[in-house]
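This document opens with one chain alone, in structure tokens, the form predicted alone.
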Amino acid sequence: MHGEAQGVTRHVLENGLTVLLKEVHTAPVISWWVLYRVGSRNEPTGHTGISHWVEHMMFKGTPKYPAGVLDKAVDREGGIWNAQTSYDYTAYFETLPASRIALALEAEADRMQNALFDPDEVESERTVIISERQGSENSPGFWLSEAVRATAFRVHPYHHQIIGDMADLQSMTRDDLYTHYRTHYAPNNAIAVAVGDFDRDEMLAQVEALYGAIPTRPTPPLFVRPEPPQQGERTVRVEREGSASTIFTVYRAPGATDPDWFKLALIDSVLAGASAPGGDSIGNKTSRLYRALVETELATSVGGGLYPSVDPYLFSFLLTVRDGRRIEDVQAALDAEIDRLVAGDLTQAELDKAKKQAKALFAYGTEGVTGQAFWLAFSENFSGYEWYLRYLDQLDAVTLDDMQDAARRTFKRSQRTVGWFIPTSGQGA
């Protein structure tokens, strides 16, 4: 199969592997991504964190490339490589000089089939991942985020952290991990993307030669339980050692394919400053919430976020309460700003600025071949790569009325979860 839009061609090999190719000849480099359609969203209780742990195991070697060999090989060629696990996917990438991209193609084809999962390496990584979680637990924000998400999602697997619950990290076995790998790491459950300095026909021939013979596997039985309707505001308090009170308020938000998503992305820019997947952001000192909460010395920091997810997720606000201020007063000030927006207090100047900021952030994230390849793979996973290609057009089409309608549908107190972190020592509330 073959399709094309804005220089991107889409192919599906006979074994089900989706391949996206885009020639970019501005520099002699190529980025190669392989994204698997499995993330923490697909993990049942007892196996939370398994997608992230399997990602770690993929760096522990195959018979062809024992542990550490690819690290040195990629370094030797002047490339970079890494991986990431998120709610809806697990992905691996290499960006290399164009003349050496065969190393990346061969490495990912090999890892798709032959990862070792040596029992000693599994136990070593158990220690590493538990330490990673324990490191996060030193942050009050981690505990608050975990509690709020577990409260906001009672059924859907978005309720647990990507790293997983400690009980599961302590009990999962090597067989659990290997079964997850053999179930989900298959060509018909993967999206492969190349962006860079290559000839499309030659690249496709290379991909077919290396990946075309990898056997198709049964379609993975993805574990997803829809979240039932929320029946009223939910609240949660976390009380433990810390230095500052923190507010984490989340509203239910639509998935990335919902028409409201782009409207809410611009609202996020107006309220809290533009942000993007992967944690990229630009300064937010001209945002409404910064001016209303930080400049007035109610809070020391404020941020917001809207993630383009497969299933409906969350629109979030995170605030650190300034010393000497009551957390109730800061929450009230946040609510007043949201109420003001819902009432229709948006201006064309704010919409224009939000579009400008969102476009700039999108451009920063896609100026190189690595970012472009990521966005193509990322959007193909939940909608089709055209979601990425139409991103700026979708932003441009949003009007003030659109934003206000979306705000009224989204910012209902009955559809939110309010989380407070209360320090049990220090100078917080």
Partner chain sequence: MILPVESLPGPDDIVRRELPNGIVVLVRENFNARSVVMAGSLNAGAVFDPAGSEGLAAFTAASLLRGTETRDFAAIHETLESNGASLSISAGLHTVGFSGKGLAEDLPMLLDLLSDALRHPAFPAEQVERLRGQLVTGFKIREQDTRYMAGRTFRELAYPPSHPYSRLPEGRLDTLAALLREQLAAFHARHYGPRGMLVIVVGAVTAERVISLMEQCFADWSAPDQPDLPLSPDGVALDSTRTQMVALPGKSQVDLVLGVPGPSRRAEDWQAATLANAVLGVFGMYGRIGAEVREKRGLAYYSYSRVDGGMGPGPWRVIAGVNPANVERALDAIRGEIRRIVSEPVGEVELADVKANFIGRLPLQLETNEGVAGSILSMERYGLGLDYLRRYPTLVSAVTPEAALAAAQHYLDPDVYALAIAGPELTDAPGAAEAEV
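Positions refer to the first chain, counted from 1. Just so you know, these numbers come straight off a predicted model, no measurement behind them.
Keep in mind that the form predicted in complex with its partner chain is missing from the display, and what follows is about it.
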Report summary line: Partner-free chain; cross-checking its partner chain in the model of the complex, the single residue of Arg326, Arg76, Arg182, Arg154 with a heavy atom within 4.5 Å is Arg76
Query raised in the report: Out of Ser243, Thr219, Gln348, Thr235, which one falls within 4.5 Å of its partner chain in the model of the complex, going by heavy atoms?
Result: Ser243
Report task. Decide yes or no: are Pro66, Asn114 and Ser383 jointly within 4.5 Å of its partner chain in the model of the complex, with each residue judged by its heavy atoms? Result -> no
Query raised in the report: Looking in the model of the complex, any heavy atom of Val54 within 4.5 Å of its partner chain?
Result: no
Query raised in the report: Hey, in the model of the complex, does Tyr391 get a heavy atom within 4.5 angstroms of its partner chain?
Result: no
Requested in this report: Could you confirm whether Ala104 comes within 4.5 Å of its partner chain in the model of the complex, counting heavy atoms only?
Outcome: no
Query raised in the report: Heavy atoms within 4.5 Å of its partner chain in the model of the complex: does Lys72 have any?
Result: yes
Query raised in the report: Which among 223-231, 144-152, 207-215, 130-138 is in contact with its partner chain in the model of the complex, heavy atoms within 4.5 angstroms?
Result: 130-138
Query raised in the report: So which bits of 306-333 sit within 4.5 Å of its partner chain in the model of the complex, heavy atoms only?
Result: Thr320, Val321, Arg322, Asp323
